[in-house]
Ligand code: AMP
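There is one chain below, alone, in structure tokens, taken in the form predicted on its own.
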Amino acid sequence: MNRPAAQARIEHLRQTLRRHNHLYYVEARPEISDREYDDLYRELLGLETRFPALVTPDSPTRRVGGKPLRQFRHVTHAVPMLSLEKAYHRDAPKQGPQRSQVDLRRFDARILKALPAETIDYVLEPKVDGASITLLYEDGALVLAATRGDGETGDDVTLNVRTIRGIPLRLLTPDPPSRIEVRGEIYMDIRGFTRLNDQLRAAGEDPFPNPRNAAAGSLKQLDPRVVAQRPLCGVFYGVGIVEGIAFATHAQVLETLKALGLSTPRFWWICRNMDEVVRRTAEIYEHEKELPFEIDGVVIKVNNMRLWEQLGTTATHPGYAIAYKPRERAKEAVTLLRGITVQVGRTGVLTPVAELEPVFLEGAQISRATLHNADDIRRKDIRVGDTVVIERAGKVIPAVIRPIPEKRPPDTRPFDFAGHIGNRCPECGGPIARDEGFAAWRCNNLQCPAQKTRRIEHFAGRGALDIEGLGGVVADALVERALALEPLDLFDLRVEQLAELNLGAAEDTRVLGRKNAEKIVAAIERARNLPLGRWLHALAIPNVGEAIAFQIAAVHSDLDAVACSPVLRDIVELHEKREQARIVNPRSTANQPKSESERLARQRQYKALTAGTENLKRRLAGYSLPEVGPVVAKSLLDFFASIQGQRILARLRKLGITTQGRPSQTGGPAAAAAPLAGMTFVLTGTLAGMTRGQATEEIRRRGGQVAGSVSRKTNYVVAGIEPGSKLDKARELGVPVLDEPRFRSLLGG
């Protein structure tokens, strides 16, 4: 085929693929099968490979994603992306059912007062719960995509948006406007969101809490190749700058955007007055299940765009539109408790889980929820068969809050935790015992299969040794096939073994594959040189979480030093002496001496104990261990003194792993010279340019510590997008708060 013929065929294939992309992703009515589409795509790719000079940026083959970015370029919006004024449902009964939406009536009255000579009609459309986006097309080609940011300046996410198949790289019209900026939302539908979270869990990564966070987080990925794998979509409902086209009404904008090949809201209405708006608001919720995106209310806009300028804007809101929430999204839901199962955690803790009649809550279908522990079940008197109230604790973890006793069937019985599982571990059948210190039951069998899997999962997790690809499915398969029964067995694995690992059932072979095996083995080898803090966390020592592990590592050179640590012994001894001093204190009203001689003896003993505690406090004064108390210290010492701990240390020596701490972790002069030495940080919210794990690592590399809670000893709280209660606590205590730019500046760029 010569070049002219190839050029003609390439253009025909591009137009055909654009049309089918639009039919599939925007209109949801495909005309050809996936195989037929793939055949057309491969033909186009083959021709472009043979004739590289004919490749154009808007070709359907250019969506795979380019190289990762180091950071996003900032973009100034020519027309600011303003947020909308909010209105909520507030009843005014005396005014009748058509006058109950007080905030909407005030909005309407303000419009009519500003434009007394005009007839006002409104456009009513769903408020999409996604990540705001603006796209700029020049002569029909997509040249820029940017986030809303602060409304004035956003981030250039063009490379990421180009990977979203439902967004046309070229407008579907032979005569496009010379310049048009379209505005809308990037979203992730429920099915795509569920699939993505399943994939993240299988890979041992944290799932997203809701579709909006998933969409926003995906859009801010620095690697477009990752974005290309995410099930993102777009919906558009407005314009910014326009050249070569004019609009008289907002309804005309929606119709034109659809004609240009862009996805627009499936349902929207022109309403002649506010009474019709009030009636129609409920209709959007009637159609909610038919929409591919989550909604967060409705948007009402003055239809006549000529009037928008007269209505003006505030610093943040346009005067011609309002976002109305007829009902708040439920923070709680009511459903049936079908049963209670008990899971075995990585440290042997038995955790009750509620098996629920599936119910939607905050945009996700919930079928399981935590019941915390046996004491919580008993205190709340939760029974199988109850109708219960659930909530998303911290917007993430579903939890059972309380039963509804008046809906309880008469044959229910109080829940007996130990009896429910026959006083045996549900995984291995081994003995269980009550741990009074933690209001928990534990499996005492250290060889319990469930604990083996979870120990390996934890060992390989992102906050521990970060062995990518070693999630739950792979860990289960390794234990089931006896290739790794303990975490350190991973260092004996070979690529050939892993490549043939069957992740499916015996009758459903699904091997891991050589490429994945090579990645896992390479990650295991990298783990040999990871810092001491990561290793301490990876060993799953009871009461030793990630933050505490790094605090311990900051004052010890290696694992052997931790195992026989005088610092940890001093912490335990200090607690013991304080407790003894409390008991023998002759001034104690609870334990008065019976004679003068006893009083004098106790006074001498109390004085000696007090002197001992002061001496220990002086010895510990040079160490920064804000979250390490006697329970943690004793757990560490007991662990390494046990047969299991001694075996781990011996195995590490045999494997040649010394887990040496970095200079900034030894507590020596280099630590003092580190730029963040002695500083404690707390992270809250989502950072745009780095994960929380990356932020934690950057702080620790500079000698700082990351704690899980805010106290007066906290130096800084780093607040990202959607911060939690830690930000409120910081403000209450007067702890300095850093946004992401200032945090990056503190890190040194």
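For every residue, the number given is its place in the sequence shown, counted from 1. None of these values were measured; they are calculated from a predicted model.
Not on display, but discussed next: the form predicted in complex with this ligand.
A.B. asks: D386 versus this ligand, in the predicted complex: is there a non-hydrogen atom within 4.5 Å?
C.D. replies: Judged by the heavy-atom cut-off of 4.5 Å, D386 is well away from this ligand in the predicted complex.
A.B. asks: Does this ligand get within 4.5 angstroms of any non-hydrogen atom of K86 in the predicted complex?
C.D. replies: Within the cut-off, so yes.
A.B. asks: Although the partner isn't part of this model, could you tell me whether L82 comes within 4.5 Å of this ligand in the predicted complex, counting any heavy atom of the residue?
C.D. replies: Output for L82 is yes: heavy atoms within 4.5 Å of this ligand.
A.B. asks: Do H420 and this ligand come within 4.5 Å of each other in the predicted complex, heavy atoms counted?
C.D. replies: Looking in the predicted complex, residue contacts with this ligand do not include H420, since no heavy atom lies within 4.5 Å.
A.B. asks: State the residue from P168, P211, G234, P126 whose non-hydrogen atoms include one within 4.5 Å of this ligand in the predicted complex.
C.D. replies: So the residue touching this ligand in the predicted complex, by this definition, is P126.
A.B. asks: This ligand isn't shown here, but in the predicted complex which of N304, S132, T412, N373 has a heavy atom within 4.5 Å of it?
C.D. replies: Residue within 4.5 Å of the partner: S132.
A.B. asks: In the predicted complex, does each of E627, V682 and K729 have a heavy atom within 4.5 Å of this ligand?
C.D. replies: Heavy-atom distance to this ligand in the predicted complex: none of the three under 4.5 Å.
A.B. asks: Within 4.5 Å of this ligand in the predicted complex, counting heavy atoms only, one of 377 to 385, 334 to 342, 168 to 176, 293 to 301 shows up; tell me which.
C.D. replies: In short, 293 to 301.
A.B. asks: Sequence order please: the residues of 159 to 190 with a heavy atom within 4.5 Å of this ligand in the predicted complex.
C.D. replies: Only a single residue, E185, comes within 4.5 Å of the partner.
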